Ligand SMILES: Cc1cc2nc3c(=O)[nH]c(=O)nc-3n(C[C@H](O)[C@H](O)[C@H](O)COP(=O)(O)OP(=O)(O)OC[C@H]3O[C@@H](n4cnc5c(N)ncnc54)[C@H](O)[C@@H]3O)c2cc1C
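Next up: just one chain, as structure tokens, the form predicted alone.
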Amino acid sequence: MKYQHLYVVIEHEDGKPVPVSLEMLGEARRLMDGYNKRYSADEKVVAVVLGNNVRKLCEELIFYGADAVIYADSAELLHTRNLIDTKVISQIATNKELANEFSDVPRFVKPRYMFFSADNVGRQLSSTILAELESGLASDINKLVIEDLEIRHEHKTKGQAMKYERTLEMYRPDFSGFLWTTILCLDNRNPAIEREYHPQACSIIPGVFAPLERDALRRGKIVDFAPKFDERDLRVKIINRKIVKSAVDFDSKKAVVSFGRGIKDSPEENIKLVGELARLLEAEVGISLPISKKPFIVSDGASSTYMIPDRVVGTSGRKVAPLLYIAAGVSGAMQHIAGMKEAGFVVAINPDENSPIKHECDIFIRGRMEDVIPLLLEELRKKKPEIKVKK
């Protein structure tokens, strides 16, 4: 077959894989184990690593689920540069000799599937690599299925029902968070526009999939690739680098107060109420995804402080696990629930007793946040010395 294997592009910091890389490897392993059993195949999970002095990392990736690791080691790859990384990974993805190092695929052209992380680096890198490989890309995915599908499409199949085998179904929540969007990367089988599209690729939201347990007994193939650089691409140098961490500190807080579109009746005042509640509880403030799109008009201060992507709780943002989680005016879309379901104790404030959040909380307070939060603030101020959240 021309298209084989699942290539996972690994991100790391100083030779230590970022968590989403191990999460992608775990999901890749589960998918390909099922794939090989179903199709009586022997296709591999292949980790792709760029860096400098990264041999030790390659061994770890085998322990976490990779069958093979292809790594390019060079001082020029110490820090990520999109143009260079795009060219090197594209070289790896189209190199038949490399693929034959760990499997017998004499007709190999490209991988069957590719995974990238849906973070600042991976989102850009995935788009430029798939443009280079001339295939499609689905972004911000949180569910994956490999299936045989019967498709009838006006352009793809010229209206005829056709079977697409081994298709990667890539799911993501829509803007509301309540509905799934399924994305497919399908060949054109209409003779007038016939064309194949591989790899089928996506970027995966961090925190969605569980990594495998490290297994030091696993064995795999590590393949060294000597990258070729265009001197013109090396004119841009990284002379200094500083990692800027998020200003939103969910991890050290024992409580999180989040708000959603329930602020709509009085956005500015409701945001102030949430901020005051968080202050009294020594909590961090989170938001639902739609709030990061700034759907309401508020002051520049409130907008720049609270309506920012770094505060999003959910599959499109951060996964949090505080002792106390308060959801004020949050309806309970599945993508938000996925980000806070590990909280110790959940309180929801919502006027709609049929909202999904009701089934995800320990205490449900039916009411408008502008009516409920002032009462909570009043009681908390009376008990201020007693309200610190204890371990």
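Quick caveat, the model's predicted, so the values are computed rather than measured. By rigid core we mean the largest C-alpha set that fits within 1.5 Å across both forms. All residue numbers refer to positions in the sequence shown, first residue = 1.
We do not show the form predicted in complex with the named molecule, though everything after this point is about it.
Colleague: Does G367 make contact with the named molecule in the predicted bound form, using a 4.5 Å heavy atom cut-off?
Modeller: Output for G367 is yes: heavy atoms within 4.5 Å of the named molecule.
Colleague: In the predicted bound form, does R166 come within 4.5 Å of the named molecule, counting heavy atoms only?
Modeller: The answer is no: R166 has no heavy atom within 4.5 Å of the named molecule.
Colleague: Using the partner position in the predicted bound form, report whether V45 sits within 4.5 Å of the named molecule, counting heavy atoms only.
Modeller: So V45 does not count as contacting the named molecule.
Colleague: Would D265 count as touching the named molecule in the predicted bound form under a 4.5 Å heavy atom rule?
Modeller: Heavy-atom contact with the named molecule at 4.5 Å: present for D265.
Colleague: Among the candidate stretches 254 to 262, 148 to 156, 128 to 136, 272 to 280, which one is within 4.5 Å of the named molecule in the predicted bound form when only heavy atoms are counted?
Modeller: Selected stretch: 254 to 262.
Colleague: Counting non-hydrogen atoms within 4.5 angstroms of the named molecule in the predicted bound form, say which of P290, P227, G207, P211 makes the cut.
Modeller: Of the listed residues, the single hit is P290.
Colleague: If the cut-off is 4.5 angstroms on heavy atoms, which of these, T86, S316, S303, N190, is the one near the named molecule in the predicted bound form?
Modeller: Of the candidates T86, S316, S303, N190, S316 is the one lying within 4.5 Å of the named molecule in the predicted bound form.
Colleague: With the partner left out here, which residues of 192 to 227 have a non-hydrogen atom within 4.5 Å of the named molecule in the predicted bound form?
Modeller: The stretch does not touch the partner at all.
Colleague: Determine, after fitting the two forms on their core, whether L22 shows a C-alpha shift of 2 Å or more between the shown form and the other one.
Modeller: After core superposition, the C-alpha of L22 moves less than 2 Å between the shown form and the other one.
Colleague: Inspect the rigid-core superposition and answer whether the C-alpha of G262 shifts by 2 angstroms or more between the shown form and the other one.
Modeller: Yes, its C-alpha moves 2 Å or more.
Colleague: Quick one: S117 and A338 C-alpha atoms, closer or farther in the predicted bound form compared with this form (3 angstroms or more)?
Modeller: Pair moves closer in the predicted bound form.
Colleague: Could you tell me whether P309 and D140 have their C-alpha atoms closer or farther apart in the predicted bound form than in the shown form, knowing the shift is 3 angstroms or more?
Modeller: So the answer is farther.
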